[in-house]
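Below you will find one chain, with nothing else, as structure tokens; this is the form predicted alone, and questions on how it binds or moves follow later.
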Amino acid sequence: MALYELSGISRTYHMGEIAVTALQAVDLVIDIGELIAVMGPSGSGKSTLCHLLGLLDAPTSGQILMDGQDLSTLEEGRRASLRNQKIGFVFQDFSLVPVLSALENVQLPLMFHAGGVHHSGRRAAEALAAVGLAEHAHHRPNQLSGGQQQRVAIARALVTEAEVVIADEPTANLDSESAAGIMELIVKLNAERKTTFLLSTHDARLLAHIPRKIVLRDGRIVEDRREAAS
């Protein structure tokens, strides 16, 4: 079943009198529960595609459906609500609040969920347990390793029971051992929860674990291949 359906998606940015086309006539279908790497050189359109799928931006032309709903015409308030309900984000710099504990960082998205605040402590604790950090709930980010901080970020992305997690270079700031642990965790969560994971990455260490790879160049999809993951 399709989670996203993109038809003829283009995105052009204007810098004064200069127009820069970041995506050109992209057609793409992403099914529920997929694990996908989005690859390509700098300027290929990876970030733009992720921003469109994450409802952080809107296309200049074309149509994006999510669960059959047309996202292209939604007003910003509805886009924000849908983003908070269905989409989780993981960033390469972890983006944790330094003065908050791991548990409090994971609770943050629930502050914007109707009814979520009443059960936020329990749900955040469950999300931390799912990423193997139950014993570190009250540690602040500076008391955690880089790999542990990224696990907190993944728990934060999952705590709302998001349908899709969009991860921007999630292992870029990690050593090989920590990166391998994060990738194993993502594969496990994808298999167990059927959460769709979309990873924008340059990290060759990840690719053997990812069954679908989408390659962008100059704003176009030049390769979309599926293969058995190791």
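Position 1 is the first residue in the sequence shown; the rest follow in order. None of the values given here were measured: they were computed from a predicted structure.
Not on display, but discussed next: the form predicted together with a small molecule.
Comment: the small molecule is not present in this chain, but in the model of the complex one of 43, 54, 33, 62 has a heavy atom within 4.5 Å of it, namely 43. Checking 22, 9, 214, 206 for any heavy atom within 4.5 Å of the small molecule in the model of the complex turns up a single hit: 22. Of the heavy atoms in residue 222, none are within 4.5 Å of the small molecule in the model of the complex. For the chain shown alone, residue 47 is a contact residue for the small molecule in the model of the complex, at least one non-hydrogen atom being within 4.5 angstroms. Residues within 4.5 angstroms of the small molecule in the model of the complex, judged by any non-hydrogen atom, belong to 34-42 and to none of the other stretches in 62-70, 158-166, 34-42, 179-187.
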